[in-house]
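Before any questions on binding or motion, here is one chain by itself as structure tokens, the form predicted on its own.
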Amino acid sequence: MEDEVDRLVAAWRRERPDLDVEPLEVLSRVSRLARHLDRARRLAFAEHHLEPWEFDVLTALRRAGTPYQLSPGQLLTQTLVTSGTMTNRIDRLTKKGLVERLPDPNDRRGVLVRLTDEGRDRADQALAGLLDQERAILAELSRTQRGELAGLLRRLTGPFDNIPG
């Protein structure tokens, strides 16, 4: 079954036979899949009145386990944003009643960000919706194929996950 990437690669091979365009066969598909995943994520989150960045912060807190709280610094590490951006995000989520700021008992100057019950419920519902979307995307693959693909993608993304800073 030919797809858009096959046509793109064939055109480049015709127009630039001097170049090895084989990376396009994999990475153009990864790029196209990323766009489809982004749309699926946005749809799943919108159904629960969340933006993708809100989901990222709420689920970082949810994954922390009871009492579902982290320091702003820990949230920075998990969501890969600047401290100014995180402060703004915490402010906005606090106004929506999805998180609350608490004094850090181990640091008089510090705060902890805790998920509210409403925040936990919204994160859980949005995650369930996202998983439904992702299952539909992966439906064409067997369990074995999904495992193989996950392993191959892990090999490709591993070096990026271990880059300092």
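Please read these numbers as outputs of a predicted model, since none were measured by experiment. The first residue of the shown sequence is 1; numbering continues from there.
Same protein, other form: the form predicted in complex with a further copy of the same chain, not shown, and the subject of what follows.
Among Arg114, Arg32, Arg42, Lys96, the residue placing a heavy atom within 4.5 Å of a further copy of the same chain in the predicted bound form is Arg32. Among heavy atoms of Glu47, none comes within 4.5 Å of a further copy of the same chain in the predicted bound form. In the predicted bound form, Leu102 stays away from a further copy of the same chain, with no heavy atom inside 4.5 Å. a further copy of the same chain is not drawn, but in the predicted bound form it has a heavy atom within 4.5 Å of Glu134. Contact check for Thr87: no non-hydrogen atom falls within 4.5 Å of a further copy of the same chain in the predicted bound form. Applying a 4.5 Å heavy atom cutoff to a further copy of the same chain in the predicted bound form picks out Arg143, Gln145, Arg146, Glu148, Leu149, Ala150, Leu152, Leu153, Arg154, Arg155, Leu156, Thr157, Gly158, Pro159, Phe160 from 143 to 160, in order along the sequence.
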